[in-house]
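We begin with a single chain expressed as structure tokens, specifically the form predicted on its own.
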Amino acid sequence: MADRVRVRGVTIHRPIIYGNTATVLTPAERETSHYPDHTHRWTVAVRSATSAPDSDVVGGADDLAYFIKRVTFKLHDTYPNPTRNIDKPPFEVSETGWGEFEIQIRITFVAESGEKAITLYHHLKLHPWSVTFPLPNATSVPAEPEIPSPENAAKLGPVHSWQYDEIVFADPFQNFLALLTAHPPTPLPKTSLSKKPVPFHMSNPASLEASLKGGVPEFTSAMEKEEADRLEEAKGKIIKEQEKWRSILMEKEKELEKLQKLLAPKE
């Protein structure tokens, strides 16, 4: 039973991405569809973060089945069988539809892990990205964009909405640690070798312009570092702001103490 002993003080992680890609249905596809009101075909998935060379798929270079047993996608209740259990790669669901909604994603790990399932949430994205929040130094909030016609949306190409995350295993069981170390993840490239666009993410509005140029986005270690730097910068600003208000509070407390002494009855 030595393999069921936890290795204390060890933390190991696996990078994943989750999200969706959507394309506009052609007129011919809409005519033959069982749902004539559907406008898009989409795929929601959980994949390894690194993309395979020369692939037109976001992520997915590594097979995650060595540590993921099942991925359950909870779709909108209007879909037949809205709870979809996927027990082998690729961990994805493809459907057609006309509206955006939140998808619950539950990841169940292999029995060797001894880990509880985790739940993620993804807002299905069908329409092209646009900025609807104020950019740095902007004087106004952008107006809510109009949804483009299917013809114009088709010209823009597929819509990609992907989130990078890391599944962290702390104090793993000995046998599960051996399983993970036997399958090291493919490292993210420092930069995109094929000049693929950076995936758009709201914490970096500048990535919007790159994403609108078309092409299949790719996650890179440079993007990961930039995100870490932004988080560190934000953390520094919060600490600085805390120190500022702590100093103000201390000054006010001193003033209050002086006033209390002045108002105190003299014996």
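Numbering starts at 1 and follows the sequence shown. Just so we're clear, the structure is a prediction, and the values are computed from it rather than from any experiment.
Absent from the display: the form predicted together with a small molecule. The rest refers to it.
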Using a 4.5 Å heavy atom cut-off, indicate which stretch of 113-121, 178-186, 93-101, 162-170 touches the small molecule in the predicted bound form. 93-101
Which of these residues, Lys88, Arg106, His76, Lys155, gets a heavy atom within 4.5 Å of the small molecule in the predicted bound form? His76
Check Arg70 for me: does it contact the small molecule in the predicted bound form (non-hydrogen atoms, 4.5 angstroms)? no
Can any non-hydrogen atom of Arg30 be found within 4.5 angstroms of the small molecule in the predicted bound form? no
Considering only heavy atoms, tell me if His38 and the small molecule come within 4.5 Å of each other in the predicted bound form. yes
